[in-house]
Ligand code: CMP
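Before any questions on binding or motion, here is one chain by itself as structure tokens, the form predicted alone.
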């Protein structure tokens, strides 16, 4: 990636919104670019936190592993999203594992450079606090869903979140452009892949959604029933 593309990417990252061109140029000159293959571990839980990662292209998932090896998927990040900021701020080890879902291009900013930028740009620090607050609220919502909703409600909530974040309006309803695998949905809903398959099949029989391979379209009735 050339410097122009890096600058354009940084402009789209929420925590760098509204910083001046000079600061943006300094950041662009400090980052490193890494190409990573599918199913690669970016960092593991308890690794030292020495860098902030921004996704230029591709997709990653944030996961935890239970004592029995069960994978629990917390969230997904795509182009323009960032991750790894918590360890930079509290100087603690990583709190989860991050794995690529597909070949990805990552822009990496070292901790020392990120901290220096925060000292020079209070606006970025405020943006970081805002983003951390949104992610904390989302985590609270996920915990509440797992505790209070049945499996149909949990899968429905996940699909609506995906539609809100990366959906596209089409004639039949809302197309989820990058649907996770059934195993990923199962990990996020704390259930089995077989159960997710059954739930999706039931939703389809009831006319709430349409599935064709990896293509999933949520119909208007889906949102009315589960909104």
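Numbering follows the first chain given and starts at 1. Just so it is clear, the structure is predicted and the values come from calculations on it, not from any experiment.
The same protein also exists as the form predicted in complex with the ligand; that form is not shown, yet it is the one meant from here on.
With the partner removed from view, the residue among 113, 102, 79, 85 that has a non-hydrogen atom within 4.5 Å of the ligand in the predicted complex turns out to be 85. Of the residues given (56, 62, 31, 189), 62 alone sits with a heavy atom within 4.5 Å of the ligand in the predicted complex. At least one heavy atom of residue 96 is located within 4.5 Å of the ligand in the predicted complex. Not displayed here, the ligand is approached by residue 139 to within 4.5 Å at the level of heavy atoms in the predicted complex. Among residues of the shown chain, residue 74 is one whose heavy atoms approach the ligand to within 4.5 Å in the predicted complex. Residues within 4.5 angstroms of the ligand in the predicted complex, judged by any non-hydrogen atom, belong to 86 to 94 and to none of the other stretches in 86 to 94, 150 to 158, 102 to 110, 117 to 125. Contact annotation for 190 to 210: no residue has a non-hydrogen atom within 4.5 angstroms of the ligand in the predicted complex.
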